[in-house]
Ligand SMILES: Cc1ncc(COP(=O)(O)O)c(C=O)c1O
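Just the one chain here, the form predicted alone, laid out as structure tokens.
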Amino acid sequence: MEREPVRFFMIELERLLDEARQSIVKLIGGDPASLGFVPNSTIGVASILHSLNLKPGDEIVVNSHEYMSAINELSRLEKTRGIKVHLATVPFPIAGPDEAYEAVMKHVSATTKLVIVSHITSPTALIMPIERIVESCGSLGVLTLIDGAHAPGQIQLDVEAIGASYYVGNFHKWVSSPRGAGFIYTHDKTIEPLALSSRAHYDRNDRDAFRCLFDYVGTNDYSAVLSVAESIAFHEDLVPGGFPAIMEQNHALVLRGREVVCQALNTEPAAPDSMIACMASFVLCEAGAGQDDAEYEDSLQDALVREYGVQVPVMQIQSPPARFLRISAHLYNSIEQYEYLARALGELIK
């Protein structure tokens, strides 16, 4: 790109991105032609919402465990376009996926335009029953947007089989690609990126507009998404059995880590094993505590970093009001690290 940028952007980029698509769908499934690239899931969600031509009174359902960028974008659209947002309260701790399904679907009707739900929730680390939600919404003619920011590389994934209207995801999390590599998967080719490039007005016979628009949004640095294939290949060669074996190993480790941390907090697991992939969250107390003057938005996270050199997110949701700590497990983690965290929590909580 730096050696000859004009040739790279005008001639080589589309070919390289198509090669990347072929490698990526081996991990996430689906049709390469339905894959559009974005810097991250946040921009993917916003691109879809701003392409839907939402009108005053259009109803959208989101739930209380969603990543705040989606909720914030919906709040902006409430003000600018007059849409109506329904917030479903998903319980936590949670007994099983039925509770999540019922909490979301209680707010869905034939007048609902769109339902947004994470594949794996960010604050609470729950695998949501997205297949059931997508199927039920489809029977009502309701569009579905699945935020899979944490899914690729953490769980087995087939975006086509899920059947959602729109699926977005990241590769910089569990596939360990450079940051700046996200995607939209959809058969709705009216979806456009937030910014249109200087080539957006071209009418081409050799390539559909969807790929043209998402492949080039100006002289951006596309090396992150072009590195995803190498990230996938690296993981496949790292452990015998590739990604399926990595997922199994990470899942087993996070369950062991969860047990250790639960003992330190004197609490029970907040969700069944079937709703856990490679992350787990713990309820600390009701929302509101720990946020005053915190560098990391929570004083407990500040103390863990400052005094113990441990970086784990401490987050809050408002419905139900609760404060969470979340652990993750990847190949570079060990059970000793969770034991160290448990000791740190015990000392800080005392």
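None of these values were measured; they are calculated from a predicted model. One-based numbering along the sequence shown.
Just so you know, the form predicted in complex with the named molecule exists too; it's not on screen, but the next bit is about it.
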query	finding
Selected contact from Thr186, Asn170, Thr144, Ser231, since only one has a non-hydrogen atom within 4.5 angstroms of the named molecule in the model of the complex	Asn170
Interface residue in the model of the complex among Ile116, Ile120, Val159, Cys278, criterion: non-hydrogen atom within 4.5 angstroms of the named molecule	Ile120
Touches the named molecule in the model of the complex: Thr42 (any heavy atom, 4.5 Å)	yes
Exercise: Tyr296 in contact with the named molecule in the model of the complex, heavy atom 4.5 Å	no
4.5 Å heavy atom contact, Leu126 to the named molecule in the model of the complex	no
Proximity of His150 to the named molecule in the model of the complex, heavy atoms at 4.5 Å	yes
Interface segment, criterion being heavy atoms within 4.5 Å of the named molecule in the model of the complex, picked from 34-42, 283-291, 53-61, 296-304	34-42
